[in-house]
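Single chain ahead, written as structure tokens, the form predicted alone.
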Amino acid sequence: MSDDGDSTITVNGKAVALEPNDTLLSAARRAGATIPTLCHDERLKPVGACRSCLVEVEGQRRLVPSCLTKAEPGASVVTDNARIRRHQSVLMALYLADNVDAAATDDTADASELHELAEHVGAPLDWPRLETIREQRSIDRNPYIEFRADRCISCARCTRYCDEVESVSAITLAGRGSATTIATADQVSLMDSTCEMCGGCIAVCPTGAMTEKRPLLQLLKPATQLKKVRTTCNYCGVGCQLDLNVDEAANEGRGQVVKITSPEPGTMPNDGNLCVKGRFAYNFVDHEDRLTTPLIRNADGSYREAPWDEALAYAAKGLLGVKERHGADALGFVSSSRCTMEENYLVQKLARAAFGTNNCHQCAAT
């Protein structure tokens, strides 16, 4: 679109060219404006539930939700003034009155966006607190996901993600008014619902109401004391990126993966999404049965530990021996779907270039 009056809006006095399907929020952020949100996620249809993104539009009597309001050419928008700051301060104070204290948020869940935003807008912290009347889910036998009703703000990011991104609709909003809570049909366990245990509800929750059970119940270190390490998921060949949350002091200084989180949406090919294996199946890293040193079979059938150089030379000698006795096509190489594409490429190159056989396969193809 051209930069004329028919295709631009003004944000805080700055002209912004409109793009197809622009909302006031998307256009204003492109102009560099900072607008807080709690219920918004780029992957989800906007609903304007949290009311934290309200802005002032010339000609409108009331503040309007920027995430839900289409950007009309010629509009003049203000994202920060005394009226808007007063609204944000009061709104955050009301949210805090029906939520846990800031000190309680320093646990294994990621930082509470609500409390961070309240601090940013300078919300008063001395308002009386209410005891939540939202219904807490009874003890759910699912091993991964915990819902804490006293932290929920009914933003519906979790239920909308489950519906719009995963398309399984395992959870929903139930109740009315202050009693609105997260539920399943007939309050069944997530294990008995359509839930795929992807943990997306945990990733999108802005307050830690949806959180991972294991690090919470085992009282592991809070998220603020963990180091994030970006890596590639090894469960299939898709190449999803994930963040290992590592307690560097655990295991006598060797470190321990406390939980897995997904990178920000829009930054990696998996767009912030992970499956149940990618997000929750990380206990094998420290499992007592995991081999950490190569083993070589002795003449009597027993095994002994060996350094990598010796083990690789032993394996090469054995493979070359089969080739010499029976020919290259007597060998077969099978690689794993847990390997990256680059690693699987090297396996087939090893088979063809080093040993001269095309007998190579990848287990994901079966």
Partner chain sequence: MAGLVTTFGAGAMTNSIPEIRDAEFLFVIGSNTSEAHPIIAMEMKRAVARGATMVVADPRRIWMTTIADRHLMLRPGTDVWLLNAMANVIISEGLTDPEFIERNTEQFEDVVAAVAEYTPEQAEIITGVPAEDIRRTARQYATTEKAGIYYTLGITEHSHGTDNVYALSNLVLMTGHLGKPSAGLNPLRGQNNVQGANDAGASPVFYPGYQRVDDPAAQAKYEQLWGTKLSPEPGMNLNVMMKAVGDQIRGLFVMGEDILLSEPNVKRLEEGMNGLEFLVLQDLFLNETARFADVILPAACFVEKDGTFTNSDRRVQLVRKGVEPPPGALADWEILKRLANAVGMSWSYEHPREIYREMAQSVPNFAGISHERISERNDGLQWPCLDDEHPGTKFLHEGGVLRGKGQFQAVQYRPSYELADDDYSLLLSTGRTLYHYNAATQTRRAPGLHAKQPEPFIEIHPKDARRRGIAHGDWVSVTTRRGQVECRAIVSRQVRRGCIWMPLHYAEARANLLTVDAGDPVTQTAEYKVCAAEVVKLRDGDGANTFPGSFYAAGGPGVVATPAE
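Note that the structure is predicted; figures quoted are calculated from it, not measured. Residue numbers count along the first chain shown, from 1.
The protein also exists as the form predicted in complex with its partner chain; that form is not presented, and the subsequent description refers to it.
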Counting only non-hydrogen atoms, the one stretch of 284-292, 111-119, 146-154, 78-86 within 4.5 angstroms of its partner chain in the predicted bound form is 284-292
Residue 123 near its partner chain in the predicted bound form, any heavy atom under 4.5 Å? no
Look up in the predicted bound form whether residue 176 has a non-hydrogen atom within 4.5 angstroms of its partner chain, and give yes or no. no
Answer with yes or no whether residue 352 is in contact with its partner chain in the predicted bound form, where contact means some heavy atom within 4.5 Å. yes
Close approach of residue 12 to its partner chain in the predicted bound form, 4.5 Å, heavy atom: no
Since the partner isn't included here, can you check whether its partner chain sits close to all of 191, 194 and 363 in the predicted bound form (heavy atom within 4.5 Å for each)? yes
Only one of 47, 64, 31, 320 gets a heavy atom within 4.5 Å of its partner chain in the predicted bound form. Which one? 320
I need to confirm a contact call. Of 90, 185, 104, 229, which residue comes within 4.5 Å of its partner chain in the predicted bound form, counting heavy atoms only? 229
Stretch 294-332 - residues with a heavy atom within 4.5 Å of its partner chain in the predicted bound form: 294, 295, 296, 297, 303, 308, 309, 311, 312, 314, 315, 316, 318, 319, 320, 322, 325, 326, 329, 330, 331, 332
